[in-house]
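The chain below stands alone and is given as C-alpha cells, in the form predicted alone.
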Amino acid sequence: MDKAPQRQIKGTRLKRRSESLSAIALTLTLFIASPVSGQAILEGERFHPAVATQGMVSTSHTLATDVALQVLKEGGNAIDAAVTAGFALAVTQPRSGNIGGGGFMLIAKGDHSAPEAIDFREKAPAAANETMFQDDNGDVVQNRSRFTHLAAGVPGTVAGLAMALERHGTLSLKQALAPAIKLARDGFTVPQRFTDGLEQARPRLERWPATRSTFYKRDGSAYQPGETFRQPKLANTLQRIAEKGVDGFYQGKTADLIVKEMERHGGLITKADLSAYEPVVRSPVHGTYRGYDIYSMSPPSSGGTHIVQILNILEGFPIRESGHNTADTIHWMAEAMKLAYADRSQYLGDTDYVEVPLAGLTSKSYAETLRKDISSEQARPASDIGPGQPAAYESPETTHFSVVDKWGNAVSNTYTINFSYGSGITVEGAGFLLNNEMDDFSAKPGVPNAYGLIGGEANKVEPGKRMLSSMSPTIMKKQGKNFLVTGSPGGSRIITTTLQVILNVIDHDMNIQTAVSAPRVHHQWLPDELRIEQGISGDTIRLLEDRGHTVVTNSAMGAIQSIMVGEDGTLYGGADPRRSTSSAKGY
C-alpha cells in the first residue's frame, strides 16, 4: 500500500480541529441548485457534474455536504468526512438521516486492496420471536411491524460510524460530532422539502407527543421554509456521545431514555440489547462486469448479491448496441430483475443465522443458465418464475452519501430508519426517531412487506438477528483503482437504481451527473409490473406492452449520490436531482 494513504488512514491523529469544525455551521446557507451548463449541452452533455481534483462529497443535503467537504479541506480523509456527514444528516434530514437506525458502509483505500464493509444494520431484540407480528390465527397484523414500538430494531448507526472512525479515521468522535451538535443546538434554515415532509407525515407523527413537540411548533404548525429549526434535546444526546463515545448512546442516560420509551408502550428493546450491540466487519460481495470490478454490500443486505447477479445476466446481452432505455434494453433489464428478486425471496438473510448460496447466486455460470430462459420477444409472467437453483451453499426513505479524498480513499455509505421518519416515534427526552426496521423481516414467510417484497424462512424474525436489506453501497474499480462510488435510498428500488447508474456509465458512456439524472425503471418480480419514471417515450412503452409487460408510471425512484474518478484523478460528482436538497461539491 502507498505510504501516503496509509499514513492518512492509520497514522498519528491530526491536530485538534474542533473549533474550526464547530464553526462550520455558522456560514452554512441553503443550497441553490446551479443551472445546467449551456456549454455542456452544446458539447452533448445534458447534465454537467461537479468537478474537483482534491476531494469530492455527494450527499442528499447540502449542509452535510458542506461540513464533510470542510473536513477534507482541513486535511481529514474520506472516512472522517463520511462520519461527519452521517451525523450531520441525522440533524438536518430527520426523515432518513439518523442515530436511531442503521446501515452499511463500504471503505476502499487509495490503493489496490479490496474494500472493507462495515455492517451496522439494526438487530432484533432478544425478546423478539417469529410470530410477534401475527395474531392468534397466524395472520399478519399489518401495522404492528411498522408503527408501534415493536417495530424498532436495536439501532446500529452510532456504533457503526464510531467503528469506521476508529479503524480508518484521523478525527476523534468528538471532532466528527461537533458540526452536528452545533446544527442541532443553533439550528438550520428550513428548506421546502423539510416542510413538505412534515406536512405529508403529519397524521402518523402527531399521535406521539414527543414527536409532535420535537418537529412541530407549539401551535402544531410545521416550520416554514426560511425559518430556523432547533433540536436542543438531540444536541444533548449527541453531546453525550461526543463526551463518552458509544457508551454515551448504548449506556447511561440515552439508553435509559430508550428503555423507558419501550416500557411505556410495550416495546422490546432492553438495556442488555443496547449494551450488547456491536457492528460487524464483513467482506463485500465481489463481481465483474465488462472488465470492471464491482464491490457491494454482502448479506444481511441483498443489494450487492443481486446487483452482481443482474449484471452477470445482462453481460450476455448487447446493451450498448441496443441503446439507453430502448425497448430491448428495458425488456432485458426487467427480465433479469425478476429472476434476481425471485431468488431474493428464498435465499437471502443474515449469514450469522442462515446459509446463503452467495457464490452460486453471483456466479457467471448461474447467470448463463438464467439468461437462457429470457426471451427477447416476450415477457415471462411472474407466475412462471420462481427461485432458481444456484450452486450449493457456501428503505422508500433511506439516505446515501459518497466521499473521495485526495489520497484516493473512498467511502460509500447507506443508512436508514426505514420509512420516511421511521416508526414516527421519537424517544422522549432524547430528540431522535426510532426505526421501524423490524418490518424488513418476514412477518410471515410468503407475505409481502411494505415494499411488496416477499420473504421466506431465511429472513424470519429471530432474537439478535439482522433483518434483510436492499441497501447497496457500491464501489467499482478499474484496473485496481477506485472508479465509481455510488449508492441510493429507495427501499426495494435501491438495487435497480444502483444497477442502472452502473449501466449508464459502463454501457452508455454517460458522465456521472447524466447517469444519475436519467429516467429509471424497476421490476421486482411481485407485483408483476414494470415501473417506470416519467421520461420513457410512449413508443417504447407500447413496444414493452406488446411484449407482455404491464407498465406503470411511478414516482421518482431513489436519490443516488455518486462520484466518478477519472483516469487522471479528476473527481466528478453527481447529486441526484430527485431530492431538492442533494448536493455534490469538491475542491
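For clarity, every value in this text was computed on a predicted model and none was experimentally measured. The first residue of the shown sequence is 1; numbering continues from there.
Keep in mind that the form predicted in complex with a small molecule is not shown, yet the notes after this line are about it.
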- Message: For a quick test of understanding: in the model of the complex, does each of Arg121, Thr416 and Gly491 have a heavy atom within 4.5 Å of the small molecule?
- Response: yes
- Query: How about Tyr223: is it within 4.5 Å of the small molecule in the model of the complex, going by heavy atoms?
  - Reply: no
- Message: Does any part of Tyr353 reach within 4.5 Å of the small molecule in the model of the complex? Heavy atoms only, please.
- Response: no
- Message: Can you tell me whether Asp80 touches the small molecule? I mean in the model of the complex, with a 4.5 angstroms heavy atom cut-off.
- Response: no
- Task: Find out whether any non-hydrogen atom of Tyr451 is located within 4.5 angstroms of the small molecule in the model of the complex, and reply yes or no.
- Result: yes
- Query: Glu261, Glu397, Asp343, Asp507: which sits within 4.5 Å of the small molecule in the model of the complex by any heavy atom?
  - Reply: Glu397
- Considering Thr157, Thr474, Thr426, Ser469, which brings a non-hydrogen atom within 4.5 Å of the small molecule in the model of the complex? Ser469
- Item | Region of this chain that lies against the small molecule in the model of the complex, out of 327 to 335, 215 to 223, 239 to 247, 416 to 424 [heavy atom, 4.5 Å] | 416 to 424
